[in-house]
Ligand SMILES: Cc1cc2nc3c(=O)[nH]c(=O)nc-3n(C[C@H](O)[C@H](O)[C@H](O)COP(=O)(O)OP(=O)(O)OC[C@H]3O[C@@H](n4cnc5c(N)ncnc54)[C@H](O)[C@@H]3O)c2cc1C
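Take a look at this single chain in structure tokens; it is the form predicted alone.
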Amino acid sequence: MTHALIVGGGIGGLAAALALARAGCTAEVFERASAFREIGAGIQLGPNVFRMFDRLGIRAAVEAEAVRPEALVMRCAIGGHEVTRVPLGAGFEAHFGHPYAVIHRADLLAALHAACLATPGIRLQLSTDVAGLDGEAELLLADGRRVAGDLVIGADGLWSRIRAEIMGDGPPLVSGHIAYRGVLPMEAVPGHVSRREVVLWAGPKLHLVHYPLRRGRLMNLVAVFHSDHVEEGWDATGDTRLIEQHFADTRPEVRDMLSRIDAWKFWVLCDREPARGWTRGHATLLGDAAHPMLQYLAQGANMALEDAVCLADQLGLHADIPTALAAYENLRALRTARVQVMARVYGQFYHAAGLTAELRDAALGARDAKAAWTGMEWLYNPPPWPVR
């Protein structure tokens, strides 16, 4: 029986453990934190990831905590006009075969964690720091112990130690964009704000997105602006004065929402150039460790979940592990590269100014619902991969 050593107990790592166990493997997850927890608040769930929830057996648990918004809406943060509206109701679900939803990161991780605990063959190790690879499929722990398995999966995120050993390509690329996040109790949200939509206010070198979480009890806010500040991590304390400065020229509705958050957390947005080479022998990468991307397509966690299911499928199809891992990388490389590249493009669209913003508004405003859905098919209908 194949035994996988998984470095990182976030969404990608737990999804990999669950997918592998459901495929007949055993999995051991090493998480350096003292608890399985997600930093941050909201995640958007496209139809592509609901296919993965079905495969992992967690769809009911996810849907119990998720909110299904009625539309994706873009508005101009300076002029206030609506740029585009993409309905997400019955027509959208019929087009893609699955819904669109939003969920708190902690709720998604909790669903994965509960499923892992209920699945034989998964061992979860907390407070266990992995120093790096030690041999073909062996981990060296920070306390000096060595753990051997049949394969190693680096699901240890943007600053992956396993990537550093497999690829050796240095630190991730700093985008020059910073994201501030906060949540509001729904009763503190202004009356003019929709409680059932994902709304993005787009402006020059900035945007604000907000949508409901926790069955509609919270409103998630993420404010992004351009800055040359560099800081590693996902949970630094934000400076309210910076938000006020960067959003000073935006609509009163935008500034009103921002003013209601008194404690911000922020992170510096980073990604990498798309690259092959995630796999070396019996070791491979998954999620942000393999293909970190900017947040502008809201697909980082979704891609990690697709990775997990695809990897488990290839291990079931191929007789030896290196062939299975190479097939997994080959199947995922172009898809994830396209999302990485297009996330950068969407960031430029969101933050456009002047004539470029007018061009964006004209192009997006000319679409009807069906045209908008058709334009999303490349993202929300993942290409099939071989399954056993």
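This is a predicted model, so every value here is computed, not measured. A residue's number is simply how far along the shown sequence it sits, counting from 1.
Separately, the form predicted together with this ligand exists; it is not shown, and the next lines address it.
Here the marked residues Thr128, Trp267 and Ala298 all reach this ligand in the predicted complex, each with a heavy atom within 4.5 angstroms. Checking Arg68, His351, Arg32, Arg51 against this ligand in the predicted complex, a heavy atom within 4.5 Å turns up for just one residue: Arg32. Among Arg161, His98, His282, Arg251, the residue placing a heavy atom within 4.5 Å of this ligand in the predicted complex is Arg161.
Only one listed stretch (287-295, 166-174, 238-246, 198-206) carries heavy atoms within 4.5 Å of this ligand in the predicted complex, and that stretch is 287-295. Not displayed here, this ligand is approached by Gly157 to within 4.5 Å at the level of heavy atoms in the predicted complex. Put simply, Ala19 is far from this ligand in the predicted complex: not one heavy atom of it is within 4.5 Å. Shown alone here, Ala179 lies within 4.5 Å of this ligand in the predicted complex, counting heavy atoms only. A residue is said to contact a partner when one of its heavy atoms sits within 4.5 Å of a partner heavy atom; Arg105 meets this definition for this ligand in the predicted complex.
The partner is not shown here, but in the predicted complex the stretch 8-27 reaches within 4.5 angstroms of this ligand through a heavy atom at Gly8, Gly9, Gly10, Ile11, Gly12, Gly13.
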